[in-house]
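Heads up, the chain below is alone and in the form predicted on its own; it's given as structure tokens.
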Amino acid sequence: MIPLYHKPAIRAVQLEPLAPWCQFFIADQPPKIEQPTLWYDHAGLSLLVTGNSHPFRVDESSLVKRNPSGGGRAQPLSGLGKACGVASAPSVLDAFGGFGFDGLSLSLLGCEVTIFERERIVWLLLSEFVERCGLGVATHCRETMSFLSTNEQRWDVIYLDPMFPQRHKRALPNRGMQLLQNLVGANDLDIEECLQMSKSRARQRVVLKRRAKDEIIGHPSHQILGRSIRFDVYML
């Protein structure tokens, strides 16, 4: 069970959806902890980690960066949007969702999005944020390869953004990415196998997000290049 501390004023009905996975403790303020722990106050669910007294909360700020207009729909010419072919409003599986920022951005672009995340505490933060904001995105705590290999469900687009090993660089990633790397860790995924499996479950395309200088896997139909990342697109 994941420890969850909450303000005394939080009602039982607010905590009920979290009961299957969390053990509840009442506290006036975020406690000092020795393992990743959840904190629930008037603003919703957040993450406590050792060495940092400020809870991390999944919030709208990261989505606003992807949607500078603030008009309810993200910029249609974003690299992610073009890679996933959002003009046709496809159904999309974000197969390695993390905190969900890419999948939720695709939802703002008009896609019907399903997000898988295998790490329970990350999924809880994501699903609570989706529910709190009424974003209409389906989230599931699932291991993608296991699901794809045993189910026949299909999507128009399958979007792959697995966590790859960290690189030792002077510039650190943002706090959310640092926490995600620590919680999820490097994925030992066989990316070629995952790519082939995804092709069998996608109707239109598979999109693989890579660092700009990473090796090319297979034979993408085309690529969309950014300064530090790229999207390899495999049309079907």
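These figures come from a predicted structure and were not determined experimentally. Quick note: we count residues from 1 along the sequence shown, nothing fancier.
Beyond the structure shown, there is the form predicted together with a small molecule, which is absent from this document and is the topic of what follows.
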Q: Taking 4.5 Å between heavy atoms as the contact cutoff, choose which of 43, 26, 33, 177 touches the small molecule in the model of the complex.
A: 177
**Q.** Sole residue of 109, 137, 157, 122 within 4.5 Å of the small molecule in the model of the complex, by heavy atom
**A.** 122
Q: Considering the small molecule in the model of the complex, find the one stretch among 114-122, 149-157, 129-137, 85-93 with heavy atoms no farther than 4.5 Å from it.
A: 114-122
Q) Would residue 162 count as a contact of the small molecule in the model of the complex, using a 4.5 angstroms cut-off between non-hydrogen atoms? A) yes
Q | Exercise: residue 81 in contact with the small molecule in the model of the complex, heavy atom 4.5 Å | A | no
